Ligand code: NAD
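First, one chain by itself: the form predicted alone, in structure tokens.
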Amino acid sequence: MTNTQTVEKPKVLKKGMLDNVLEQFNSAADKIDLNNNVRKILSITNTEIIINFPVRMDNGDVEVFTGYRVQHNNALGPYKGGLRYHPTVDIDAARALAMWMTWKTSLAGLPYGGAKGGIQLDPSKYSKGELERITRRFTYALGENIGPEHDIPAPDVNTNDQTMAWIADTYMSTKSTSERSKNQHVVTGKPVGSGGLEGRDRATGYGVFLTIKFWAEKNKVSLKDKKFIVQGFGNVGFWAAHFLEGEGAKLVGVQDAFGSIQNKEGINVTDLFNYGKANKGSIVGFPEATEMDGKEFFGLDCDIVIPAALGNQITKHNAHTIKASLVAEGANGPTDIEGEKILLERGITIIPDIMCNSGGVIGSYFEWLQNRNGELWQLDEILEKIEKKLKTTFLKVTDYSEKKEVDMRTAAFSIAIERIEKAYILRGIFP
């Protein structure tokens, strides 16, 4: 039996990412004098779903899990956003992340709205068979709340192409035989052999790298020998580091859920990645680096900081220690409001998350189109498409930032919100 409920607007908001995204939204809305009616609409989410569903474990016991899907806004097109498996997943986190997705897809000029969700669990505590059953049961429970022209999930924290393959197969199995193949694009981030886009694995990290590269070119700065640190060495952190290393930059520090390491002379990105793969994902004990106190990580001597883990990592408690001149947000909401104020006061540039990590959703858009149109694209043309789209966004944001004399986040939010405002004003409100 599945217990499904729709949640109304919360009476009490927990302090955290949701407060950050609302403050960012309201700050930008004030600056652009956003239509008050549109502000009311964008301040809340369209639909919120909490699903409690049972799954049989390997030992025969039944465990009940809680899954979430929040659909913030679809004025520009179908809802789009990741599904994460993490103990911190709750309704407030899903609300905040769904709102960020709305701004991110709008800023990138994609025909999408924003959504987010996931399951509250620690995937390391479950077998692959259990994770498959959890994923399939959650997909079945979501039912028509997702769909290739309605709401299109994608991988996020602790989910991957295998997770998406299970979701796609389960969803397609609920359709009539003749309709199944038409629903392959219900998710993006699938394996390449199962409707996935070549290069989707590196799209987000590649986008982080590109925005840093564009910033360097604009400021006539060479990336050669620039020192950078990465928090989070999953897909995003690894690929961003990989491409930066290719430009001659030097990785001098990495932090993950297991610990923190540093080497002033540089850490070989591929060697560290291979070490982590062989050690259950942990970078701790890597022989070419020394361990360090995680509280001092952001204070490492470097030129570029890439937070590519979870939200609220750069705060008033550590922002003053950052020595870098650039923070490139690979994660969603890694810098809280107070931390950001400190960074900006100190003259540190922040490439905001809704632009910096948008390579992933841009890649997702191309996968969705590829499935929809029955086409197959090669890796080089996909990366070229991502670069072209991101370059356009970067130039828009930096131009707006300079003309209006605002920081890059305010510029990015303003552009994104104005596009949605225009759609509402042109279309009106039904009835």
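Note that this is a predicted model, so its numbers are computed, not measured. Each residue number is its position in the shown sequence, starting from 1.
Form predicted in complex with the named molecule: not shown, discussed below.
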Given the stretches 166 to 174, 319 to 327, 134 to 142, 302 to 310, which is the single one in contact with the named molecule in the predicted complex, using a heavy atom cutoff of 4.5 Å? 302 to 310
Spell out, yes or no, whether the shortest heavy atom distance between D156 and the named molecule in the predicted complex is within 4.5 Å. yes
Although the named molecule is absent from this view, report whether I267 comes within 4.5 Å of it in the predicted complex, heavy atoms only. no
In the predicted complex, N357 touching the named molecule (heavy atom, 4.5 Å): yes
Is G196 a contact residue for the named molecule in the predicted complex, using a 4.5 Å heavy atom cut-off? no
If the cut-off is 4.5 angstroms on heavy atoms, which of these, I314, A289, L251, A331, is the one near the named molecule in the predicted complex? A331
Out of E130, D161, D256, E340, which one falls within 4.5 Å of the named molecule in the predicted complex, going by heavy atoms? D256
Looking in the predicted complex, the residues of 89 to 104 with a heavy atom no more than 4.5 Å from the named molecule, listed in order, are K104
